[in-house]
Structures are given as C-alpha cells and as structure tokens.
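In structure tokens, the next block holds one chain alone, the form predicted on its own.
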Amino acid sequence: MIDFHTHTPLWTSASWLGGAGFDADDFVRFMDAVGISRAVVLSHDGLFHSTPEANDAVAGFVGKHPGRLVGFGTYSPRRPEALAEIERSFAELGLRGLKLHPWLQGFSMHEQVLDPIMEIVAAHGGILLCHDGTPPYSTAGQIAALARRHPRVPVVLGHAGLHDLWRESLHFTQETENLYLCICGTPPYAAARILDRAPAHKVLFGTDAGLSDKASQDYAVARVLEIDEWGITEAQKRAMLVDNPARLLDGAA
C-alpha cells in the first residue's frame, strides 16, 4: 500500500491543526503497523509559513528512510523568491513534488504566477499535489484549469473534494487527462462512488497522517481500516493502493 497524503510533524507553533511528538522512525513504525510500504510526505509548517527551513525539514525527515518516504516541498507562490526556492527543493533537496494549499497560502489557482512554477515542476519530472474541497480558492475546476495549461505535470486533487465537492472533483478528473484524485478525508459513500466512476488509473489514497500528536497516528489507522467497508473490488483496491501511486511516483504517469 502507498499512502499518497501524509505530513511531517509540526516543529513550530504555526498551526492550529496539532501534530507533534513523533520522528521519522516513529512514522515508519506506524506505516509498518498498517501495511504502508511507501508514503508521500508533505510539509506541515510550510503551509502556514513558507520558509526554506520548512522544505529542509521535509528533506531531512524523508532522508531518514529514503526507500519508504517520498518528500514534496511547498512554497507560497506569491512570494518573490518562490521560483528560486521551488527550484532548490527539486534540484538541491531532491524532493519529488510540490504541494500547494490555495486556502491556507492565500492565492487563486488562476494567477499567472503559477505558470513558471509549473514549468519548474515539469522540468524535474515532478508532481503537483493541491489541496482541494474548500472554496473559494480550492475547487477542482480551478485546479483543473491549471492542469490543462500544463499537460506534462500530473496534478493530484489532494482530498477528492472532501464532503461537499467530491462530485466536482470526480467530474474534472474524468474530463482532464493529467488530473488525478486522492481519496483523503472523503466520506466513505463518496469514495465508493468515485472508485466506481473515475478512470481506474487515476484514483489514489491518503490518510493525512502526521496531523496527530500521537506517534501511532490512530485516526490514520482508522482510515486504512475503513477501506474494507467501502464495498469495492480487490481490483479497485489494488489499483488505488498499489498500481496507480507506483506509476506516478516511478515516473510513468
């Protein structure tokens, strides 16, 4: 199983989401306990305060277990140094993708400043994972418009629309060739519907692990166990948990 949406622990007081009290070794023990072979790890601090140090922290965290953890950087695209920092996150830190959070980082997906950023992601064969499901700035249609302008970049809807916008996320994933969705925080009934109707190769799964103050990540464990209640086939489960994320991460999207 590959978990496509997890976070580093919070090392500052930047967030109201919680999250602390574990290191990379603890995190891999959590993964082992629930059968996660690899995990995409996103910043926590960097979503609230963009700093190079936040990307350094992600690189240091995943560097403890490079065969198990895959790091994505982040940076607020409106900052004047954004291009240089995003380039550094790929070229120097070896991170494999970029996470953007329009709601927390305060920008619109239609801003032209995103185009040179996407060109950097494309040049490094990277992936964009974008928070979605919380309007006004994080809707699937807005993210799909960016994806269509940059067809070489796989773009992942990080929450498959959450509770309110999952239908929109499903629709645009069906209509946009390089748009994928990650079932993460999506209600079970919506997850089952998505798996039934989305292109079979475009569905991923994530737990959002790392936002807990417990090393055991109990809520994330519960999300993994919940999959068996969705009523999906073994083929759908394998595609979502193994084949699809491996294809993206191994560069054959």
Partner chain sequence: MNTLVVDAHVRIGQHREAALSVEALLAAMDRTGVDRAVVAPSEAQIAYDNRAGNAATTQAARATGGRLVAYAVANPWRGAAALDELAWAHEQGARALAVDSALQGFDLLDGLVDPLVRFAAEHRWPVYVRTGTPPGHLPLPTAALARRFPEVAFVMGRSGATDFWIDAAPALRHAPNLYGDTSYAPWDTVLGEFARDPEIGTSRLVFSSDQPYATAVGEMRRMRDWLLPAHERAAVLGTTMAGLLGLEKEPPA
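Quantities reported herein were computed from a predicted structural model and do not represent experimental measurements. Numbering follows the first chain given and starts at 1.
The next section is about a form of this same protein that is not shown, the form predicted together with its partner chain.
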*State yes or no: in the predicted complex, is some non-hydrogen atom of Arg79 no more than 4.5 angstroms from a non-hydrogen atom of its partner chain?*
no
*Looking in the predicted complex, any heavy atom of Ser108 within 4.5 Å of its partner chain?*
yes
*Close approach of Pro116 to its partner chain in the predicted complex, 4.5 Å, heavy atom*: no
_its partner chain contact at Asp164 in the predicted complex, heavy atom, 4.5 Å_ = yes
*asked:* Can you tell me which of 81 to 89, 152 to 160, 96 to 104, 135 to 143 lies within 4.5 Å of its partner chain in the predicted complex, counting heavy atoms only?
replied: 135 to 143
_Residue by residue through 153 to 183, which ones have a non-hydrogen atom no more than 4.5 angstroms from its partner chain in the predicted complex?_
Asp164, Leu165, Arg167, Glu168, His171, Phe172, Glu175
